[in-house]
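Here are two versions of the same chain, shown separately as structure tokens and labelled structure 1 and structure 2.
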Structure 1
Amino acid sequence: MSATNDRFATSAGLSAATVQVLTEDGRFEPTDAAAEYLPYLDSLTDDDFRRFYRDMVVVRGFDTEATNLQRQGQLALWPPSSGQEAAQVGSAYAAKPQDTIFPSYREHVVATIRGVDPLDIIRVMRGVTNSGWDPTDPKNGNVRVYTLVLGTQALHATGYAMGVKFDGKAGTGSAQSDEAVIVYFGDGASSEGDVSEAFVFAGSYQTPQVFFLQNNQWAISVPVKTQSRTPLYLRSSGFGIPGVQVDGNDVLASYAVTAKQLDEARAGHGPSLIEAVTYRMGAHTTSDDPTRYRTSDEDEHWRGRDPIARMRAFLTGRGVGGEWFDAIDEEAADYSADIRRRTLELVAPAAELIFDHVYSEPHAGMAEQRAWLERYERSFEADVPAGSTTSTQGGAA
């Protein structure tokens, strides 16, 4: 780490203010800061705990498979979610069906929990579509499309939440119909002006929304210390928005904190910020090489805080046996194999589709370019028959 970065030294780790429910070795020992969130765990059953674990394991398997697919030339890029499963599983389960999710581009766990087919994420990263799923289709759980321009989605979420408020769909006291919005972004994106502007608008209009910041310690190669001199959960307080820090590798704490903050939002009590302290165990994307900027000691430290291991220890403590864990591993393997099979079956869409949906109706210039491209590309097909001497369709078109 460079001297420049060291000048900005703040703790990227946890403090007495951090909400934690499970210790690193999986014991249920909530911190004092967790007290006000604990009632949100009361309704969870052992089935829920198992479900949380199952989703973390299955999506990590998918994530690993997708990374491999990229390495094998099947995907253009893959941004791994490995290490961030607890923050995503906990927050995703805290959202109600009527809530709306604005993701960044690493929310594979959130998206799949809400109903998005993981193959639709693969399609984006393979380059067969710019956004893989229809965000207006109910089966996709109100998950809006991935956003690659960092921080822009914070404003989209805030505008959407303003609309919820204009529609009178928050603060009515109805648990079934009051809506909230949750937007995901990272420690790097927190430096974008759009995020600060979203705080301003959210504060001014008291929007029903939660800003969910996954602090995974690294914005590609730049450590969080360069993004902020203060812990990121304090960032929003100057905007009049309360912030809370949670151990993002603790799925129960992530669930409880998000459930409470979303409830507050739905109840019309305004926006809040959650900083989930976690770690990007893999590379930023498959184009990255973390060995150039991270130490193996750091990796080792965070591997010891693996969110899946923590939940497994917790479940083991509650009497879940090895066979059940083996069955989950098997399910994850099948899930990944299915993704691999379907990925290899993907075909590029027809070329003329690149002109679709630029405008609500085609216009003359675009129609002409589409027609030209078709003629041009067909002109090569006309050359295919060896020894052919006569001009064919390409010239005639």
Structure 2
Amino acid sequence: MSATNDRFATSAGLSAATVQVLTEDGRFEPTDAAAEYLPYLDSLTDDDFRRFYRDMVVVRGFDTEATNLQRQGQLALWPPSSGQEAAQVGSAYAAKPQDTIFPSYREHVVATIRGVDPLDIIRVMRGVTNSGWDPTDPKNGNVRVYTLVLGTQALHATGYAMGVKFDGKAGTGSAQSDEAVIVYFGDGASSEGDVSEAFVFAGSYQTPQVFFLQNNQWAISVPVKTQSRTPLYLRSSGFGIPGVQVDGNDVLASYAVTAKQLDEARAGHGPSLIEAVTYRMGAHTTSDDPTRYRTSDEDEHWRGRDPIARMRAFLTGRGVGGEWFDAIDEEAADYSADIRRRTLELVAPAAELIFDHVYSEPHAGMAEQRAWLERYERSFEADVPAGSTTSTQGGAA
């Protein structure tokens, strides 16, 4: 493994046990811990490598654009993903079409790789949808909806994985049909009771799932060294769930480790935990100010480990020229501009929409509440004198 700044080596959590394939300057030099995962890279082509890089660049452009939209009042909130692209892109491509994905709230590139329209993510953060997308629609690639209640998705994923096992959809020996579940959460969520409860049931029932922990070093303002006295990939061992640590800024390592662990899950060998050591370059969300608790030296250290720069160096070493990189930058800019345009075209849904999906069948209580809302809104019309206008209708006549 390449050398790191000693001041941040402890907080980064990297060790001889960390799986790394690409050095920080983009050289293919797998660590000893990577040996068992290297066969999963054999089937990758130069087109795959380019695709990994392209998706990391495009989602960072999208992420920057969404952050700007929030600052301009177009979104209520935005959870940035900048810096975590390699962990997400590698793991997303490791999943098979039949696998089910349970994201947290910043897995933007995971969702879009699987087929979710990025505007559906925007709609969630703009507050114009009750869900975002239909997770049962095949075009959305078995991606469940975002959750902002941290840790709960681990329970949802484990319950779903129990169902996969009980239905006999894993461990049959069929690589084409066996299923697995992968759930994403952060270092902060790993300290919550919901995740521990999920470990209990996953370990007990040997569910076909992978817990994918993105250790971005900060649970809002609490550093990892405060959250845990041991590396986070060991947290599941007490529940009988093996863990592995990967350099989360290395897209090839993230892919290889996740592919192997998902294969193990589909084959009926039970759950596992992956800790992807990475860094949140931006704020926890746009309501957060990381300058209050992080130093500029720390930020600078991690920017030197940028996952996009690392993969670019790797591709350059394989003969990819500057014109191709320029074309990807242009594609990312066009992608972001399209998101901005479509965001500004969004309109608020009718208030009545809130009643439509509470129950799967018609419900008397919902009908009564809908009728009450209609009467309430009409009461304001009755109070407006004939011929006058209100401020909400454009001001004085």
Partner chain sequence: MTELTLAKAITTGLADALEADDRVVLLGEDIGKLGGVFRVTDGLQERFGIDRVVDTPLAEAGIIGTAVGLAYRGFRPVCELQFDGFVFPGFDQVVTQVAKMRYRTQGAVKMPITIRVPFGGGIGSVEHHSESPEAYFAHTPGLRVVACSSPQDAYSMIRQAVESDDPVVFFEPKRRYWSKGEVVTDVSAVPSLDRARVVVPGTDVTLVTYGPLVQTAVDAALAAEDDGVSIEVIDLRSLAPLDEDAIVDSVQKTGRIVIAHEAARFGGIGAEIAAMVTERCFDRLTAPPLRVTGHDIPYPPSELEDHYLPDLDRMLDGVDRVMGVRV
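Heads up, when I say rigid core I mean the largest set of C-alphas that superpose within 1.5 Å between the two forms. The structure presented is a predicted model; accordingly, all values stated were derived computationally and were not measured. Structure 1's sequence is the ruler for residue numbers, which start at 1.
- Here, the chain labelled structure 2 is taken from the form predicted on its own.
- Core-based alignment between structure 1 and structure 2 gives a C-alpha movement of 2.9 Å at Y376.
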